[in-house]
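Only one chain comes next, encoded as structure tokens, the form predicted alone.
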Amino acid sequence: MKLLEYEAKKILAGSGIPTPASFIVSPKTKPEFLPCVVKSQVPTGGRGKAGGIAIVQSPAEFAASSNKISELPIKGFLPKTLLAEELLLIKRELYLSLLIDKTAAQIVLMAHTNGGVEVEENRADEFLQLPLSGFDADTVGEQLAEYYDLPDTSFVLQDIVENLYTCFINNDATLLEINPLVLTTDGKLIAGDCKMELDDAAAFRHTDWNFEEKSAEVNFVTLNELGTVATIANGAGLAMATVDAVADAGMVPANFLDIGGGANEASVLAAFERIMRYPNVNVIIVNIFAGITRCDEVARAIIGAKKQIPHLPPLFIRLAGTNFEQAATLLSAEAIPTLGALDECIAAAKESQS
């Protein structure tokens, strides 16, 4: 589960990590302070280059930028929330993250002296990597201070690393990335941005989790991040058969997605949003045989996805089972066609790609 920036920073602040002063922007919000930075809250990168971040100096600029950003889809995501933060006076932008090395079965710290929007241009072998199994925060803080060439920040970095590690463990995180870690002109280290991913399987331990992208009861597996066909089905057997049919037709499935037996409109819509993170998907096949899951719930999610995701690829839909008649009526009213069988969906999807 990927958190939005404001959700991740709330967790960071509660764990003792310095974050900018901020407030959530609602339609009639007046700025609590100026100047500030208004940020779109969407679960994808590239917000700045897409126009989803604006520095504002006056109440008029705040209102205009907030309205513009709230209506700006970024890679198919339209923000439900905007975040406004104090404008940091930046001296340097660094990179710092914790992630899980599955091969070594341990948490690894990664750092780079060049953070910010161009961090992906850094070569992989240029990053400092430190395993944190049985680590000593004092030693790691000193290593980071030397690597960043910031000798006066050794004690601060010790606290940051120790608090980040505790935050990572306590929240069942799989990724915690601060980019940039800002060194301000007055010598403070502040989390300028944060990406945080939590383990869906640990949701039973966190009854307080209440994020915009809620943990859905789905079984989602990436098969090929560059795949061109995404699939949505209910039931592991039907989902597997759908993926196999796509592959047998000579197309490349991007994912395996079983929305489960009790899927509802919200969880199906979340599945569409998750699929939109694949860069090459140009077809979505929906294959539902409803029992506990109701066809009308799926139909409402499809309609919602068509309205909320501007660049949604063509849909090839097969629905059968509980409340199919209601679903057919809903979809027909929106001029969204359905097909009678999976093989018809596969043939139509393949033709659309030719």
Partner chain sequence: MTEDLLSAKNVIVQGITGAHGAFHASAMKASGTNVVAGTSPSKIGDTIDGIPVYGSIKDIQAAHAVDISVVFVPARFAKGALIEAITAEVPLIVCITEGIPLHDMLAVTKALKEKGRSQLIGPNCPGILLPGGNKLGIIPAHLSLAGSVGVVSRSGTLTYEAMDGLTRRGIGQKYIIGIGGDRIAGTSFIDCLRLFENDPDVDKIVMIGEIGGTGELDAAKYIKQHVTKPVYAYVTGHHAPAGVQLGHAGAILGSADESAAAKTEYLAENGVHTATSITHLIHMI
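The structure displayed is predicted, hence computed values, not measured ones. Numbering follows the first chain given and starts at 1. Rigid core: the largest C-alpha set superposing within 1.5 Å between the two forms.
One more form of this protein exists, namely the form predicted together with its partner chain; it is left out here, but the text below deals with it.
Taking the partner from the other structure, its partner chain in the predicted bound form has a heavy atom within 4.5 Å of a heavy atom of Val243. Using a 4.5 angstroms threshold between heavy atoms, Leu89 stays clear of its partner chain in the predicted bound form. Although the partner is absent from this view, Gly340 contacts its partner chain in the predicted bound form, with a non-hydrogen atom inside 4.5 angstroms. Although the partner is absent here, Asp138 lies well away from its partner chain in the predicted bound form, with no heavy atom inside 4.5 Å.
With the partner omitted from this view, the residue of Val161, Leu181, Ala271, Ala173 that lies near its partner chain in the predicted bound form is Ala173 [heavy atom within 4.5 Å]. Of the candidates Asp152, Asp186, Glu71, Asp248, Asp248 is the one whose heavy atoms come within 4.5 Å of its partner chain in the predicted bound form; the others do not.
Comment: 194 to 202 is the region of 194 to 202, 142 to 150, 81 to 89, 274 to 282 lying near its partner chain in the predicted bound form, near meaning a non-hydrogen atom within 4.5 Å. Site residues Thr103, Met110 and Phe289 are all in contact with its partner chain in the predicted bound form, judged by any heavy atom within 4.5 Å.
Shown without its partner, the chain has Arg318, Gly321, Thr322, Asn323 in segment 316 to 332 as residues with a non-hydrogen atom within 4.5 angstroms of its partner chain in the predicted bound form. After superposing the rigid core, the Cα of Thr19 is displaced by less than 2 Å between this form and the one not shown. The rigid-core alignment places the CA of Pro151 less than 2 Å apart between this form and the one not shown.
Relative to the superposed core, Asp244 shifts its CA atom by 2 Å or more between this form and the one not shown. Distance between the C-alpha atoms of Thr103 and Ala236: shorter in the predicted bound form than here (change of 3 Å or more).
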